[in-house]
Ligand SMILES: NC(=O)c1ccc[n+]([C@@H]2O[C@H](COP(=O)([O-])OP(=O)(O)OC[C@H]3O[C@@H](n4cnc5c(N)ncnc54)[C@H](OP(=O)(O)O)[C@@H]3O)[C@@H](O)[C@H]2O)c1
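Below you'll find only one chain, the form predicted alone, shown as structure tokens.
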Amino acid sequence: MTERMNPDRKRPVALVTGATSGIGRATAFKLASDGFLMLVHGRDDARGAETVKLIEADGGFAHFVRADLTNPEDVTRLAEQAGDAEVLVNNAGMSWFGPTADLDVSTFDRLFAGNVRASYQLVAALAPKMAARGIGSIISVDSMSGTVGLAGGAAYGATKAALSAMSRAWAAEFSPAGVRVNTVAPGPVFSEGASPARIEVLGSTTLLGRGAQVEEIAEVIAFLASPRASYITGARIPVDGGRTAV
């Protein structure tokens, strides 16, 4: 699929999951401006088309790929479409916050399917190809909730902690062949779907006293995807205003 999308083979390909809103969308814009052909993943065709249009209006190149990451067959097809992607950003995921006793088993399973299993599937499909070529960068989006205990965030935090644990193992497995694997762990971020009031409260607990903008997270992800981060692998980088530092 990527051969047809990128016939001259001169432009490196980056797949960003959950790229039609929030951190994922900002990351897609940034990577496109850095010269990547973007595979914009999402579940909504209209938002996907809008994201691609905005990237192209800014001189970039992008294609939308639709997939439900809780469906293993969809994830397999997404990996096939990504082909020989040089960069994979595992950003997509659902969140759920509330009393532990209120979380039903079905929602718990969907959390782990979309936030953990899908990333595992994509890495299993794409990382060996990167290793065979001797180049690649995989960045997964953790969260401060993967480290800090937040009331009501047990299951969500567990999915994020799992991403970082897997990333460390993937670094050990694939980095000797030239594939860098890292994790970015944002703190409170103002983005679609997040309650502004909640982000304000959480932001006030950081050393900088505020929540982040999505572009601030995207800058770090893009850095890790670039040759400027050529000696960084196996790292978990907090981008949380110092919330987990002290």
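The first residue of the sequence shown is number 1, and the count goes up from there. Bear in mind the structure is a predicted one, so any value in this text is a computation, not a measurement.
Here the subject shifts to the form predicted in complex with this ligand, a form of this protein not shown in this document.
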With a 4.5 Å heavy atom cut-off to this ligand in the predicted complex, the contacting stretch among 175-183, 29-37, 53-61, 191-199 is 191-199
Should Arg47 be classed as touching this ligand in the predicted complex when contacts are defined as heavy atoms within 4.5 Å? yes
_in the predicted complex, Ile139 touching this ligand (heavy atom, 4.5 Å)_ = no
Original post:
Closest heavy atom of Tyr156 to this ligand in the predicted complex, within 4.5 Å or not?
Top reply: yes
With heavy atoms only and a cut-off of 4.5 Å, decide whether Met130 touches this ligand in the predicted complex. no
>> Does this ligand, in the predicted complex, lie within 4.5 angstroms of each residue among Gly42, Asp68 and Lys160, using heavy atoms as the measure?
In response: yes
